[in-house]
Structure formats: C-alpha cells, structure tokens
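To begin, one chain is listed below as structure tokens, in the form predicted alone.
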Amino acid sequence: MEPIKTSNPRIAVLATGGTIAGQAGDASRTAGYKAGVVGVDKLLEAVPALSQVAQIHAEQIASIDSKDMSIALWIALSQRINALLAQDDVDGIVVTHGTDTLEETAYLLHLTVKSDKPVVLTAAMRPSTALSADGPLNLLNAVTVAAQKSAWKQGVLVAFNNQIHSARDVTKTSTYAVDAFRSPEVGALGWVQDGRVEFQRAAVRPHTTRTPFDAQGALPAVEIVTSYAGASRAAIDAFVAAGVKGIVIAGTGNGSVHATLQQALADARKQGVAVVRSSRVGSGHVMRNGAASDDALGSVSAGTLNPYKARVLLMLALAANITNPAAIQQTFDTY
C-alpha cells in the first residue's frame, strides 16, 4: 500500500461478506437473501460520508455467509490485520462481517492481533438492498470508532447499532432485530453517534499485545457438545474417535453435565482430551466445582465465556502448548 499523505486517520476496511453485503430481489425482504455478494467498493460507495472521517484503503478478504466461516479464514484474517497494522500508514482496521459468527471471529482477533491500534468489526441485520438497511450507518460508525485515539489499546471492538462492545463480552441475542448484539453481563463499552465516540469503561482482561497467542498455523480440533435431558454419549465418543484435542460442554445452568455425558467425558480425559465446561444459558458465569466435579474429572470452567468463545480460547491455548488442566484453567481465568 502506498503511504497516504494526509493528516486524516488512515483506516483499512477488510470485507468478508455477510448480510451487510447481502442482496435480495425485493427491497421488502430481510430474509431469504444471498449474503456476501456485494463487493467492498459498493459498500463504501453507499456511505459517501466516510471520506469526511478517514482515508480508506479497502480489501476484499472473502465473500461468504458468516455461517460458513472457517479456521483457515480466521488465520488469514488475523495475519492480514497484523501485517497492515505493522505499517505506519495504517491507523486502524474495520472488518465487515456476517452476524452469525461475528462474536467468534472478534474474540479470536482480540487474542491474536498484536497491535494497540483499533480493530473494529461491524455487520448488519438487513441486506444492503432492504428498506432501512442498517449496514451503511454501522459501517460509518465503525470507521468513526477506528479513527479515534480513544479506541487505541481497547482490544478488538464491535460497533453495532450505535453501541461499542468488547469482543470478549459481546454476543448475538436476536435473530431479526437491528439491536441484535449485547454484552449481557457487563454491558457495552460505550457508544457512537453522529461522529461522536464515548467510552464509558474499558476492557480489564489482557488482550492483543498482552496475550501469548497467535494465529500462525492450523489450530487443534475442538468441538462443542450440548447437555440436555436424555443426552447420549454418542457425539463425545465420535469426536474422541476422530482425534479431537478438546471438547467444550454447553452445560445446563451453572455448566452442569448429564451423568451419561460425565462418564463419556471422563473416558475422553483418559485419552488426553481437554474438557471445558461452559453453559447454554445466555448469561451468567460457570463456577469451578472443585472436588465435586472439575478436580475429579480434570475439567476446566469457562467462567463467563459462552461455549463458542470457550472453543476459541481452548484452541489457542492448546496451540500454545497449554495442555495441563490447571494451566488451562489459569488461561480461562486470565483471558
């Protein structure tokens, strides 16, 4: 990229597809559209006010529906962001993404980006062709946040529906509403509106430059199994036979696990498979059970991480050769 000779912030917009780049034949439709078909140049053209906020460099990283996000694309995205942020002529990054797996991508980047410069993800609940499409304003707000010095050292952020969330805390909470993202336990970090950005708190757990994690190669296989009434051990046995390195349990309540699954997990631990207990409940935290369960099983509490983010952290921990249950627990308590 050629250096941009301007005093304005220089923001790279990396597009990956999603509903924000979606298209439908009927403007009244907000479902049944095709995601990821509108290119990044068209997205930018729809928001002429961006030129008043920053100098933009655009790249099309992928054109997918985020339900199809892959680990390979995670790695490529993390590496490209790190390469761009290492350049003096880039002041921040905005990633346009689908909403389905945005929270997982954001948390992986939160742990693997090695820069204090802002990285802001945004998305949309309505395709670009819809009446009252929310993508253009979300994109403008995301660039506005990324252009602010106050966003430096905040880790990876999500700008959506005028709110600013930490990647660690945020989760999708609605299948249709334009305020689909929330941080259930601790709330948003701040807000953005009409060019004004205000942070009302900061993320306290280590992130970005203060983690030992990177995304330089393939990540170990980690799968998720849900506990429910009458659960079978078939999924756990199949995953172990397939050679997975870790299993995250989406437990009931406080990460509780059906007795049938507990026995299957005990057998998995004997095969060296790491086990983390999270919860299928939408908020709250999973307490470590000590001698009652975790100590005997050798399992780990996910704390406030939902099963999907717990999977991300477990993959990165195992990739960093953190394999002892006590060390994995310390990792979950820290990040």
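Throughout, we count residues from 1 along the sequence that is shown. Only a predicted model underlies this, so the values are computations on that prediction, with no experimental measurement involved.
There is another form of this protein, the form predicted in complex with a small molecule, and it is not shown here; the text below is about that form.
Undergrad: Taking the small molecule as it sits in the predicted bound form, is Gly246 near enough to touch it, meaning that at least one heavy atom pair lies within 4.5 angstroms?
TA: Output for Gly246 is no: heavy atoms all beyond 4.5 Å of the small molecule.
Undergrad: Closest heavy atom of Ser66 to the small molecule in the predicted bound form, within 4.5 Å or not?
TA: Within the cut-off, so yes.
Undergrad: Quick one: does Met125 come within 4.5 Å of the small molecule in the predicted bound form, counting heavy atoms only?
TA: Judged by the heavy-atom cut-off of 4.5 Å, Met125 is in contact with the small molecule in the predicted bound form.
Undergrad: Do Thr99 and the small molecule come within 4.5 Å of each other in the predicted bound form, heavy atoms counted?
TA: Yes, Thr99 is a contact residue.
Undergrad: Please pick out the stretch from 271-279, 300-308, 66-74, 41-49 that is in contact with the small molecule in the predicted bound form, where contact means heavy atoms within 4.5 Å.
TA: The contacting stretch is 66-74.
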